[in-house]
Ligand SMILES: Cc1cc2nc3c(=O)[nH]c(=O)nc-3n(C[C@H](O)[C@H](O)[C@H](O)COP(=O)(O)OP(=O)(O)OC[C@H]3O[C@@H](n4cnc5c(N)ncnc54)[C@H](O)[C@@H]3O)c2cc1C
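One chain comes next, on its own, written out as structure tokens in the form predicted on its own.
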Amino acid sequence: MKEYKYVILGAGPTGLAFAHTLNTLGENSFVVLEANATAGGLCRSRDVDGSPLDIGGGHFLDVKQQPVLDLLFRFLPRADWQEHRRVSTIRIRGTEIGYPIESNLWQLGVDDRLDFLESVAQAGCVRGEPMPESFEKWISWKLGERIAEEYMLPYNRKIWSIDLNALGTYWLHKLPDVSFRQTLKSCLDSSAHGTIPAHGVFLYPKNFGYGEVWKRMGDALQNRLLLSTPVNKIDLPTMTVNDNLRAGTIISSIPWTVWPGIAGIPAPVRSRIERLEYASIDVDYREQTLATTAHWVYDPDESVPYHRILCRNNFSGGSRGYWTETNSKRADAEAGFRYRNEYAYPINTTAKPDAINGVLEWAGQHQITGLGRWGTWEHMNSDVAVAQAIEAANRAVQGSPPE
């Protein structure tokens, strides 16, 4: 039996950032368990057709959070990253226009432009109508029926592959906030106006996939990282993991839905876990190089299985081809390299807030802290997960338990 102050479950960005922050602060009583043979979680990369491919889908390093950059640059120096100004597009009405759609309607023909503008002008939020509670009605209320019916609703049906009215609206603040005035101004000026989307400027390794920085962070932990070590059992009364690791605190970045199979979870908590939903995503590689300058392309066409294309030649130097992301429920027959991510996206259902809050409350009472995408059941980018882990580790070492 080995005893540690912290047993960290999962060596994705969250677990790695928490571990390295502990180490920086002089706390070395920790160990990280990772089921896979390589660290990185959803941000792992693999060489496919002579170039790196990110098997967890498209992940990029946002430049906004300096503490995150400071940590990651210790393992992959700034000189090894290429800065990009985001170019993402949407396939709509037989063409591609820039994202977000509200800011780039000016790229359509005049009649199409007018069609969308008229719809935006009649949107419920523009007309001062009360905000609806259902997801589908909220989208139309916010963006107008044309954008809702031709882009947002079919795209969301593809990516989540569930009844959209099971989704909540509490997370939609993430949508770019572009007013009708800004939408009209963009059409008149033939340039985008409004909120810059996430990853407006991002970094990607010059000579590697995104997984390289996480692999190096894992390697640097040496014997404090146990690869190919899935969590098979947690004895809660003694805080013992896999019968041989005793924890003062367990940091969980693994999905809560695996916990009932490895620990004695009380029935009320188990019922909350059962209400948490997630999407599985298939990443498929195609060797053709597309004629586009976009880094990635959104495709709402429901006759096409995938919802997003990643044009790796436009952000990964010397590469060719592209990969697609497809909800596994919609995947067609495999025709080349495919990697299935069983846990890709937490789904923001109406039941999620109450469910995850109850799980985290129970966990906190048992010296278990949920962090990151799966520990908080929040669809967060890797930089956000790292920032959360850094803050939690600082709080832990300074005497306050992670929240």
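What you are looking at is a predicted structure, and each value in this text was computed from that prediction instead of being measured. Each residue number is its position in the shown sequence, starting from 1.
Keep in mind that the form predicted together with the ligand is missing from the display, and what follows is about it.
Chemist: To test your reading of this chain, name the stretch in 96-104, 143-151, 250-258, 127-135 whose heavy atoms come within 4.5 Å of the ligand in the model of the complex.
Modeler: Only one stretch qualifies here: 250-258.
Chemist: Taking 4.5 angstroms as the cut-off for heavy atoms, does residue 200 touch the ligand in the model of the complex?
Modeler: Taking the distances in the model of the complex, the answer for residue 200 is no, it never comes within 4.5 Å of the ligand.
Chemist: At the 4.5 Å heavy atom threshold, is residue 60 in contact with the ligand in the model of the complex?
Modeler: So residue 60 counts as contacting the ligand.
Chemist: Although the partner isn't part of this model, could you tell me whether residue 43 comes within 4.5 Å of the ligand in the model of the complex, counting any heavy atom of the residue?
Modeler: Answer yes; at least one heavy atom of residue 43 falls within 4.5 Å of the ligand in the model of the complex.
Chemist: Considering only heavy atoms, tell me if residue 381 and the ligand come within 4.5 Å of each other in the model of the complex.
Modeler: Yes.
Chemist: Which residue among 157, 215, 308, 86 has a heavy atom within 4.5 angstroms of the ligand in the model of the complex?
Modeler: When the ligand is considered in the model of the complex, the option within 4.5 Å is 308.
Chemist: Give me the residue from 347, 69, 360, 33 that has a heavy atom within 4.5 Å of the ligand in the model of the complex.
Modeler: Looking at the other structure, the residue within range turns out to be 33.
Chemist: Just give me the residues of 3-39, first to last, that have a heavy atom within 4.5 Å of the ligand in the model of the complex.
Modeler: Residues within 4.5 Å: 10, 11, 12, 13, 14, 15, 33, 34, 35, 36.
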